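To begin, one chain is listed below as structure tokens, in the form predicted alone.
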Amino acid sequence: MTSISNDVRLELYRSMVAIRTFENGVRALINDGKIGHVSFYTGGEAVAAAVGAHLRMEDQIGSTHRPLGHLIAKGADIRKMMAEIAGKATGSNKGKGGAYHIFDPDVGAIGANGIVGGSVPMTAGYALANQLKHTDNISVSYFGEGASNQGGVQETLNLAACWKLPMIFVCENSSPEEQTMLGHKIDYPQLSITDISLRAPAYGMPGGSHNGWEVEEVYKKVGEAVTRARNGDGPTLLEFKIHRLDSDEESKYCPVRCYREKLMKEGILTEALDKEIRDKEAKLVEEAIDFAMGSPEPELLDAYSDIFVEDA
């Protein structure tokens, strides 16, 4: 993959703006005392946007305790997402999942998880199902640098490699300068000893570490991994180094600001088009907030529904 069309580049930018705008809307609700705590994804927008751009509706993603960007990039309904965060009956999961366990099976967003690394083994299960059904659908497992040291994650990497599962491991490392893991000097001068992707060769799979705020770099590397997985050649471990940000765009690591400047410099994005994109996403988020705030609370007896499936 040597070039990216301008249409795709604008869609990558729109997706990042959509994620940032949605999270800023959630921040406003928190500041107004209307909803509780949420762990934000701000700063990682380039990763979710680039991964989502390669996925089909039939592909699955497993997410983290910072799932909002992942779900939006996968095409989840933001009205239902906002209602779920607000704990309303109209939410994606009827107000029972909240921000930490939100999912939308209609678009293959199968499970955020408040447990560090908790969704990684489950995502491998979806990959195995895709393989057994002889489809070329794939699954993507998102996890962070902390989860990279969990035993379940290591076991899943091993099993996925042994079975050549059609999946991609996407580690979003938000503390790249302070990664806690043992390392040793090896002859990989292009990599730091703390790069999580150095574990990939030990599991017999390709991997690499990249700047997670450079959306086109992420897009290209994910594209290679997607092709590999769809062709039945097994999993890939990709590490994207990011920086968690607040809602502004002043940081040199802000993927939204960096990409806007790049596209404007190249004449692909204009001030007028940028305003159009931002205004449209802001309107959609405003509608999602109105939907959520106007939705009913779950009934108390709803706590006893959806607990198990009869005759399963």
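The first residue of the shown sequence is 1; numbering continues from there. Fair warning: this is a prediction, and the values are worked out from it, not measured in the lab.
We do not show the form predicted together with a small molecule, though everything after this point is about it.
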Partner contact for residue 262 in the predicted complex: the small molecule, 4.5 angstroms, heavy atom: no
Answer with yes or no whether residue 244 is in contact with the small molecule in the predicted complex, where contact means some heavy atom within 4.5 Å. yes
Should residue 65 be counted as a contact of the small molecule in the predicted complex, where contact means heavy atoms within 4.5 Å? yes
Should residue 174 be classed as touching the small molecule in the predicted complex when contacts are defined as heavy atoms within 4.5 Å? yes
Contact with the small molecule in the predicted complex, heavy atom within 4.5 Å, among 129, 202, 115, 89 goes to 115
The small molecule isn't shown here, but in the predicted complex which of 144, 223, 95, 208 has a heavy atom within 4.5 Å of it? 144
Go through 151-159, 107-115, 72-80, 223-231 and give me the stretch that gets within 4.5 Å of the small molecule in the predicted complex, heavy atoms only. 107-115
